[in-house]
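Just one chain follows, in the form predicted alone, and it is written as structure tokens.
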Amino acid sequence: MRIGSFILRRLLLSIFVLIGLSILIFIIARIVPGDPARLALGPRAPVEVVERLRKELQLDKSLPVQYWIWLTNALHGDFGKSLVSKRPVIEDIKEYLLATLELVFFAAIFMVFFATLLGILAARNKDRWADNLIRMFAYIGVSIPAFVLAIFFVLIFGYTWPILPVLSRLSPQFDVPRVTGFMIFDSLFAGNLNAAWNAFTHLILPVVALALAGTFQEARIMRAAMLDNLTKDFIAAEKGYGIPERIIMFKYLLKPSMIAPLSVMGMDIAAMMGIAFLVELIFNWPGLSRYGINAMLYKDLNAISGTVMIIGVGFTLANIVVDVIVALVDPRIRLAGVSGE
């Protein structure tokens, strides 16, 4: 019952956050200089045609009225029509969102697995060569932006040493029917192992570029948390009872040490949807982040608002999931959240 109250409270708070986000992005999209109707029709379009499009887009009404119309439609899944693609924004989102989710999904798996592994390895070998090597790479990895890594990967593995594909999600010779929108899974469902392997190889470079900085950051946090918990009394008691070090490490030390890294991992995974745009541009990945950037360049109001809201919902849901996981790992958090202490 307590975990249910914890989740309900997070959901209610998230509703207010999303309403605030919708107001903010709606206002910003409309106060940015430039007439969306003129940009959509071009500089040579007659004035009366531009005015007719402005009326169709409700741009002739006041901002509060425009927002109310937009919000009412958005709650019914209607974000309007894109000025660039000439299609409903929700259809564009359905097409591009799954590509970004596939990229983020595998980047999250990469991040969680290797951050935990490297953190444990560094903590178990404190001040030895393995620990020093991991920390050195961590400082380098954290300081290099994802798009710089993406450029390096394209130059090295795409041209200098072409062993991995660097463009798109699948090679042109493969035709996979869409079921889940995840290219690897769809290839497996179709029984096409060659296409599944091809899709996997296309994922390697963008996934590593997107996840590497976060992986090293969480590895450092994991290492610090484990070393801090090693000084606690309950670890000293377990050592006094003669429990083997391996059991102490993985059964008693790992769980409390995961609390801090999990919180940061959740923020990083949620933020990936927003920061993936440069990686998607460099690797020509047909994802939602790249779609959103193109919408901003053309001041496609409906596409901008729809993209930001979908990313905001994804960010919020990811944080709720992480909060619940952390609360399950550490009951003190959910009990404090429910009691208000």
Partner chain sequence: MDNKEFRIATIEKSREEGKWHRFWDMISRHWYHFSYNKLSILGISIVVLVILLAILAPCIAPYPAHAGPFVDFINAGQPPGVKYWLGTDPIGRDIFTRIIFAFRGALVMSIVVLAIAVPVGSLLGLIAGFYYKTIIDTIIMRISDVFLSIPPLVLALSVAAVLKPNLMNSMIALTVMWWPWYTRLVYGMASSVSNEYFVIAADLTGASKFHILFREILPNCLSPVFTKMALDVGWVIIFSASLSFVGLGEQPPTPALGQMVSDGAKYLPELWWMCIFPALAIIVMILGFNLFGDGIRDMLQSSR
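Positions refer to the first chain, counted from 1. All figures in this text were calculated on a predicted structure; none of them were measured in a lab.
The form predicted together with its partner chain is left out here; the points below concern that form.
Engineer: Looking at 237, 71, 130, 155, which is the one with a non-hydrogen atom within 4.5 Å of its partner chain in the model of the complex?
Structural biologist: Residue within 4.5 Å of the partner: 155.
Engineer: Partner absent here, but in the model of the complex, which of 257-265, 135-143, 174-182, 89-97 has residues with a heavy atom within 4.5 Å of its partner chain?
Structural biologist: So the stretch in question is 135-143.
Engineer: Does at least one non-hydrogen atom of residue 109 fall within 4.5 angstroms of its partner chain in the model of the complex?
Structural biologist: Residue 109 lies outside the contact set for its partner chain.
Engineer: Whether residue 252 contacts its partner chain in the model of the complex should be assessed with a 4.5 Å heavy atom distance threshold; does it?
Structural biologist: Output for residue 252 is no: heavy atoms all beyond 4.5 Å of its partner chain.
Engineer: Any chance residue 303 has a heavy atom within 4.5 Å of its partner chain in the model of the complex?
Structural biologist: Output for residue 303 is no: heavy atoms all beyond 4.5 Å of its partner chain.
Engineer: Residue 147 near its partner chain in the model of the complex, any heavy atom under 4.5 Å?
Structural biologist: Residue 147: contacts its partner chain in the model of the complex.
Engineer: Does its partner chain, in the model of the complex, lie within 4.5 angstroms of each residue among 116, 241 and 320, using heavy atoms as the measure?
Structural biologist: The answer is no; none of 116, 241 and 320 reaches its partner chain.
Engineer: Heavy atoms within 4.5 Å of its partner chain in the model of the complex is the criterion; list the residues of 285-312 that meet it.
Structural biologist: Contacting residues: 293, 296, 297, 299, 301, 304, 308, 311, 312.
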